[in-house]
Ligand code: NAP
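Given as structure tokens, the chain that follows is alone and in the form predicted on its own.
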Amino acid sequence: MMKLEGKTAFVTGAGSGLGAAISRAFAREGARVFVSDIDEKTAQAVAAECSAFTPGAVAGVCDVSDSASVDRAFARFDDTLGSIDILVNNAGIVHRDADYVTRVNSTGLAQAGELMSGSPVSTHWEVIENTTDAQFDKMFKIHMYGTFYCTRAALRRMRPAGNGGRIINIGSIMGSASLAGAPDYCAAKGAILAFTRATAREAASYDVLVNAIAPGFIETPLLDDISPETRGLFALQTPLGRLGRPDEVAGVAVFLAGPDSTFMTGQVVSPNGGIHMSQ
């Protein structure tokens, strides 16, 4: 028997990257997946792939930063897939602003060179100083507000149904270990980890298990703007010597959604190649 046979899942940001990999992995294990993304075409393409494994996948538009859009997506879920068993809050962004990307690529390499030469660090990030209100707001709206909006919608369905459920939030090692050059991203991911624990306590009485996945550096479109040299530095910092693959994170999501994790809630599982070790 497949691990998720007969289950339904709502996955955000599922048109590419981790969301697409998780959707496909769920479908391989028998789940009918609601593939949601702000980009309808990519959602439809992934839903078609999922339906090849388990018929009944549905594509839906969802802008997680907009509570009205989230409510519409969940209403469509109700109409097409019925009751919800699993929610994966995956949608996320990194800044694509050209000045920001240039600063991240150049400053990290400059500081690495200064440290390796034995010189004091004289190249400064200055990211917090230059982050605008709009940039900070957008990061939190998509990551943290989106996680809240979707969790609220899911719990409003899971609790009355009385069948329990699973909520899986996609955090990051940056939410605990942090990373220079991405203060708002680190803050948003840290908020998601705290929200995960709070939700796990609240939802425990009706058997909804809530956990987070905090990946390290994974080969997804979020890293497209990172220079080859910076990617090399990420790999050098990782004990396994490489970046992770989306399927290596998707396998963790299947575990948290399936029958092998029934005594886990409020936890953070971190597939990161050893770059961050704790506990």
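Position 1 is the first residue in the sequence shown; the rest follow in order. Quick caveat: nothing in here was measured; it's all calculated off a predicted structure.
Omitted here: the form predicted together with the ligand. The next part is about that form.
- Residue 29 falls outside the set of residues with a heavy atom inside 4.5 Å of the ligand in the model of the complex.
- Among heavy atoms of residue 18, some come within 4.5 Å of the ligand in the model of the complex.
- Contact annotation for residue 91: at least one heavy atom lies within 4.5 Å of the ligand in the model of the complex.
- Using a 4.5 angstroms threshold between heavy atoms, residue 62 counts as touching the ligand in the model of the complex.
- At a distance of at most 4.5 angstroms from the ligand in the model of the complex, all three residues 37, 142 and 220 contribute at least one non-hydrogen atom.
- Across the options 151-159, 71-79, 195-203, 92-100, residues that bring heavy atoms within 4.5 Å of the ligand in the model of the complex belong to 92-100.
- Scanning 192-217 for heavy atoms within 4.5 Å of the ligand in the model of the complex gives 215, 216, 217 in sequence order.
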